[in-house]
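The chain below stands alone and is given as structure tokens, in the form predicted alone.
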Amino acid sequence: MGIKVVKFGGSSLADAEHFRRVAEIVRNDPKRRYVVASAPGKRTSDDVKVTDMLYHCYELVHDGKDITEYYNRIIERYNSIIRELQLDFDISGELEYIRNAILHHSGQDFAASRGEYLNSLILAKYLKFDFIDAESVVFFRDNGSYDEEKTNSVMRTELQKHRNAVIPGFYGVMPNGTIKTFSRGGSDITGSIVARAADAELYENWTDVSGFLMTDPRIVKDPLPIKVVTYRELRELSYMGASVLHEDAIFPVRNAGIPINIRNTNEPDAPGTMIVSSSGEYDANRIITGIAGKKGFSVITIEKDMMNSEIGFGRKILDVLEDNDVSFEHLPSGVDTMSVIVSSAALECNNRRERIVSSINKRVRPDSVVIEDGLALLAVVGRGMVKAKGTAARVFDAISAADINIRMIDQGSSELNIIVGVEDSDLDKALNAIYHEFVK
């Protein structure tokens, strides 16, 4: 029998009622043997996530303030879950230990990670599963980078000792024994790591949405869901701001060829979205898989006659960016012009803007160097685009019909995506125009 690794986000474990739903989901399929848990999320729109509460306790101690009243709210949050589940389980010792550790400056990562730790203890007790502490199976190197090889080896060996287990998400351990967390949303990464180590047939990521939508529902009203998306398509959409799954969670399972299923805890019968290595299937009536956009880019435009015949010209421009620790996003260019798209925020940090312009002038002596801000990028992504004639024309016609000026176009030879640059103020209108062109 195959193995499924299931990860539940904070909204799926926010209170006792959600714990009951999670337990029913896990028990309905005996293949769901390993569970990765997040800290309790918001119960209502004006509630506070437990992780944020723990961060605040750390900050209070750092500022020399008392945490008693605020920490008592955390204690009650967990005790209410235990009480409403009618569990015979006392975590008062764990809560007191964590309080003392925070008071003695145990570190921000330790404080933040305790939300997952405590929630996983309770969930393991409720499910009658074993508990595996993430700090015993997830490892970081001295420089803070994730140690994939060691983690996979140790995790695989440990999982083989447990028929069923709950593992906290979000954190691991440094070589010196201190707790280290992934970036926010890192429980997705832990779930992917466990799935790879378990040789799972499927990684189910349970959250509060029924999979990916074709575009941002805050911008486009009631966008259609995506049934199947490839890792490459997801990477393109995530890069442009689409967010349901932590971007770094893709790589461990992608390398192992394990599909991911995004599911909704509140609608467990909904199929959600399948994320797969490759797929020849696509909707011929829709062609595109999704659309995503992001604001806050700048264009560095360099002009120089006969630029194309000057060997090393482009390399020198990129060397200037590297020297200033700025990465580039795209390089749309002409015969005598070269444009480099970069993050506007990166230019503003440490007066890089002036240094970059000065360095480009010294290195390549261009006719002009101009930096323009206020650019938004949107990506039209779809594996079906390569088989459909006129897709680019439909994208540009839709934008033109919406009276939007296109400032940049970039399409790779794989024809998986088309990148279009527009004014920041036109992004929402452009997303709507393209979506309604392809979804009617």
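Numbering starts at 1 and follows the sequence shown. Everything numeric here is computed off the predicted structure, so don't read it as measured data.
A second form of this protein, the form predicted in complex with ligand ASP, is not displayed here; the remarks below concern that form.
Contact with ligand ASP in the predicted bound form, judged as any non-hydrogen atom within 4.5 angstroms, is confined among 265-273, 156-164, 97-105, 181-189 to 181-189. Site annotation in the predicted bound form: the residue of Lys49, Arg32, Arg394, His56 reaching within 4.5 Å of ligand ASP with a heavy atom is Lys49. Though ligand ASP is absent from this view, in the predicted bound form it lies within 4.5 Å of a heavy atom of just one residue from Trp206, Tyr203, Phe170, Phe212, which is Phe170. Heavy atoms of Ala39 reach within 4.5 Å of ligand ASP in the predicted bound form, making it an interface residue. Along 105-141, a non-hydrogen atom within 4.5 Å of ligand ASP in the predicted bound form is carried only by Glu116.
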